[in-house]
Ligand code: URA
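There is one chain below, alone, in structure tokens, taken in the form predicted alone.
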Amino acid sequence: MAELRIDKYLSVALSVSRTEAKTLLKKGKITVDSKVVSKPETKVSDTAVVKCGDQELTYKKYIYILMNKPEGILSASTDKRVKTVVDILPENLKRAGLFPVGRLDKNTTGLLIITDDGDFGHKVTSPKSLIEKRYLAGLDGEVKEEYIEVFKNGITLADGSECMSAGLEILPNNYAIVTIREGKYHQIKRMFGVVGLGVNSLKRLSIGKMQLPTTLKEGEVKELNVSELQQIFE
């Protein structure tokens, strides 16, 4: 990591504003390699030991969070009317610039990644990446065998837009697993609409080879490491 200003370091490491960071510096709360630092423009190296009081701090340029998104929460950074996925993050993981990678509809649940790394987000959502995403869909009628071939051949939606070949696995009790490699608006609901089925529930199970952990309850999160992130692109 290149050297950076201590006020920026603190704003990231403590999830505070630059103004709050400067207040901590003025109060003598911050030490770098056991020396009190008060000037916000002081540069910090990647080997420095930075503390706020007795708490040793860690700077992470970017953060990657896996959420089991609950129903009724908006996939957005901010919204004046309803809660967003960023709003419900634990306080220790909140920081400026967080956004959901791609969107899940408000009432769709399951695997969602939240980060502040714009390049990573673009790589995951770019149509050129062709990353597979698997969903569990609950339908309002029977999923017929003939629909497997319809999905495989690529469905033309009601507005004339064409979908790539998609996978369809039929499950008991009007459920199905759908695998797509793109992310058109309300795509899965619209695909099933073409064959006359309505979607009662939708849950994203995986992105690439990254699976939604079965132990992660709706609304819960876990921070991802580099090796876990790589599963998306394998």
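Numbering starts at 1 and runs along the sequence shown. Worth saying up front: this structure is predicted, and the values here are computed from it rather than measured.
Another form exists, predicted in complex with this ligand; not displayed. Remarks below refer to it.
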Can you say which of 23-31, 50-58, 166-174, 186-194 gets within 4.5 Å of this ligand in the predicted complex, counting heavy atoms only? 186-194
Any non-hydrogen atom of residue 104 within 4.5 angstroms of this ligand in the predicted complex: yes
Please check if residue 108 has a heavy atom lying within 4.5 Å of any heavy atom of this ligand in the predicted complex. yes
With the partner left out of view, is residue 37 within 4.5 angstroms of this ligand in the predicted complex by any non-hydrogen atom? no
Using a 4.5 Å heavy atom cut-off, state whether residue 202 contacts this ligand in the predicted complex. yes
Heavy atom within 4.5 Å of this ligand in the predicted complex: which residues of 210-227 qualify? none
